[in-house]
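Before any questions on binding or motion, here is one chain by itself as structure tokens, the form predicted alone.
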């Protein structure tokens, strides 16, 4: 199965307003896809249609090879974390997750083992037996993420999984989710585009219920064709053009933009460019490939 999730011209209307307006996109199987858009773009509606809380008015979707959500056929195959998931604070994470695993049909011992496994996945084993009421917001969020991972569903939708986590917790959870790559398909919605760029393979950008852009992170951000060099002074543009005649260069506000032809070896080109800068006595302060996910999204949304 090439795609875990596919939308084709999907429309969903609320009171005459189209929350989804011909939305079309694909989510590749086995990777981590970032789902990006401003508030009101249709992200929550999309997740609700996938998980069966809403039915589209027009268009078609495919979930794990099946048309639309079916509670029996997709049982155990789809995990969902809503943005504002609330947890019962009277129980411990292990008690709650064991109960949820049993609701999925697991026996008592299997449910307890699965609860322990997902608590370990989200790096919360040391607090698995603490009352949820005693946990910080970030820890509660990790318990909620664990609930979506119960049973190792093939497709997992995570709405703002890192919301409220401090930098150390967010890094730990990113690493935990990255370890699932190739075993499960994750779709992660977040407003933190730098965070998504760190660990996602693929991205879908939407606005006003339509897909603005989709594809591998590197292709969307131009990492194979654009290199930005922050310099301490003006570069020798004539020397750069002579050394790399197939590349184009512009310099503004202290940033040298290098655009490469398709298929160029940017690693080899960087050595040539660095040599020219060193010969001219121009110091390099920073280098970045591509525009960055946030920059690309802002450009697309402004059109």
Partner chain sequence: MSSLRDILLVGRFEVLRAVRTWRAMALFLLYGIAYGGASYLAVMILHALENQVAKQLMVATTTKPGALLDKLVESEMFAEIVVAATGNEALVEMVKDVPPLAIFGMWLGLLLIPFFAASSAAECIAIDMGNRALRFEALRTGRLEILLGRFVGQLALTGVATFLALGVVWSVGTLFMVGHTPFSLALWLLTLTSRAWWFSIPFAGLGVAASAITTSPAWARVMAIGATGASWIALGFARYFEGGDYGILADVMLQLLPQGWMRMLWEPGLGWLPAALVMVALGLAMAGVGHARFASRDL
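Predicted model only: the values in this text are computed from it and were never measured. Residue numbers count along the first chain shown, from 1. Only the largest set of C-alpha atoms that superpose within 1.5 Å between the two forms is called the rigid core.
What comes next is about the form predicted in complex with the partner chain, which does not appear here.
Checking 168-176, 70-78, 205-213, 224-232 against the partner chain in the predicted complex, the stretch whose residues place heavy atoms within 4.5 Å of it is 70-78. Residue contact with the partner chain in the predicted complex: residue 190 places no heavy atom within 4.5 Å of it. Remark: residue 95 counts among the residues lining the partner chain in the predicted complex, judged by a heavy atom distance of 4.5 Å or less. In the predicted complex, at least one heavy atom of residue 131 sits within 4.5 Å of a heavy atom of the partner chain. Using a 4.5 angstroms threshold between heavy atoms, residue 100 counts as touching the partner chain in the predicted complex. Contact annotation: of the candidates 39, 250, 55, 262, the single residue with a non-hydrogen atom within 4.5 angstroms of the partner chain in the predicted complex is 55.
Think of it this way: in the predicted complex, the partner chain has a heavy atom of just one of 144, 156, 122, 217 within 4.5 Å, and the residue is 144.
Residues are counted as partner-facing when one of their heavy atoms sits within 4.5 Å of the partner chain in the predicted complex; in 66-88 these are 69, 71, 72, 75, 80, 82, 83, 84, 85, 86, 87, 88, in sequence order. When two forms of a protein are overlaid on their rigid core, residues whose CA moves 2 Å or more are considered shifted, and residue 93 is one of them between the shown form and the other one.
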